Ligand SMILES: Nc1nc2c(ncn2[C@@H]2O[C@H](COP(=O)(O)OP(=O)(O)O)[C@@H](O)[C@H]2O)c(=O)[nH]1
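Next up is one chain by itself, shown in structure tokens, the form predicted alone.
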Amino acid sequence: MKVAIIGIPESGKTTIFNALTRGNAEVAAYSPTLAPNIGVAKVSDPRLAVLEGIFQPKKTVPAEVSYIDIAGPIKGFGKEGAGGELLNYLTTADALLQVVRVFEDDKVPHPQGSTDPKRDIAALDLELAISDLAIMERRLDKLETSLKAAKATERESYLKEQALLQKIKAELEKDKPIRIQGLTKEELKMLANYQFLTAKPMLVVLNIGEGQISQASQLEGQISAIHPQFAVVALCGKLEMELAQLGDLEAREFREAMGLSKPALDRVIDLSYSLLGLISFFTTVSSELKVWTIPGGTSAPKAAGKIHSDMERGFIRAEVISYSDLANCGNLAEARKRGLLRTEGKSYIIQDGHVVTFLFNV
């Protein structure tokens, strides 16, 4: 999973990036020369420790999330130069993480002179919409030209694409992002290659101060009420960045003293998985225990293809057992004895927590 971090200047994007990746990227004022910060975070999954006890693997590979901290404002994205280069990072992301400033700090003035999360979210949404509209207008111009010289076999496809773009463009001009336009699966499939920014799932991180921690739930509720399509979490980026540099035990004790529950990374990943409809399954091959992340509703052959395309093409069957069943049995031999290790075919849908062995022939 790849997540791009965006937000207006002075919102604390890099602070949140460091908190999520345990990174040490310099927290500095925006400069046009700043390159994006890129980091990887391991996904914490308590089931791995139990499975390690059962399989005794030589190597364990948890799932990973890539975070890209986009420097500077969104204005100008889609244009040639720096804006166009940064747009490439956004379009390849699975989701956008918008950092919204809620903390007060006289030493770091807000660009607009005051803190207003609702205003800042609306401003950034507008910039994303402008980027999408620019892409649509260019494509509609090309379609108009193509239709004049199109063969009869091509016209239907061009007209269908043109009608869809005109429809979503009209809604977007009414401040209605693509993600809430209620498009059908077929329409979304037609738009997939465009990678429109307002179509991407949005996770909002409200960057609060230490004195606002007790108000976190209230602040989350206020934004969720206005933007129910967003996943919203409030956290103190500065504090979480400092805690991310501590050892696990020391950080946990500090969080307990502060009345905090999960680390920022775990909370953000949980919301990201839920927002994107993702699940995890496990494989044990060649003494390696590995976690794989797939969309919910993925068939066994498609899940095998996540590992290697040959496995999807030559899929024969899958041996599956749920994590809870395997944990209760203690080993595969006992699970097989109890009839809990099942053989499934091509139509089987992989479930979260499944331990899977794929059989294939190429």
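Residue positions are given as counts along the sequence shown, with the first one as 1. Since the structure is predicted, the reported quantities are computational estimates derived from the model, not experimental observations.
Omitted here: the form predicted in complex with the ligand. The next part is about that form.
Engineer: Report yes if any heavy atom of residue 103 sits within 4.5 Å of a heavy atom of the ligand in the model of the complex; otherwise report no.
Structural biologist: Yes, residue 103 sits close enough to the ligand in the model of the complex that at least one of its heavy atoms falls within 4.5 Å.
Engineer: Can residue 290 be called a contact residue for the ligand in the model of the complex at 4.5 Å between heavy atoms?
Structural biologist: Outside the cut-off, so no.
Engineer: Check residue 207 for me: does it contact the ligand in the model of the complex (non-hydrogen atoms, 4.5 angstroms)?
Structural biologist: Taking the distances in the model of the complex, the answer for residue 207 is yes, it comes within 4.5 Å of the ligand.
Engineer: Residue 9 near the ligand in the model of the complex, any heavy atom under 4.5 Å?
Structural biologist: Yes - in the model of the complex, heavy atoms of residue 9 and the ligand come within 4.5 Å of each other.
Engineer: Can you pick the stretch from 220-228, 150-158, 175-183, 236-244 whose heavy atoms fall within 4.5 Å of the ligand in the model of the complex?
Structural biologist: It is the stretch 236-244.
Engineer: The ligand in the model of the complex: within 4.5 Å of a heavy atom of each of 13, 27 and 108?
Structural biologist: Judged in the model of the complex, 13, 27 and 108 all sit within 4.5 Å of the ligand.
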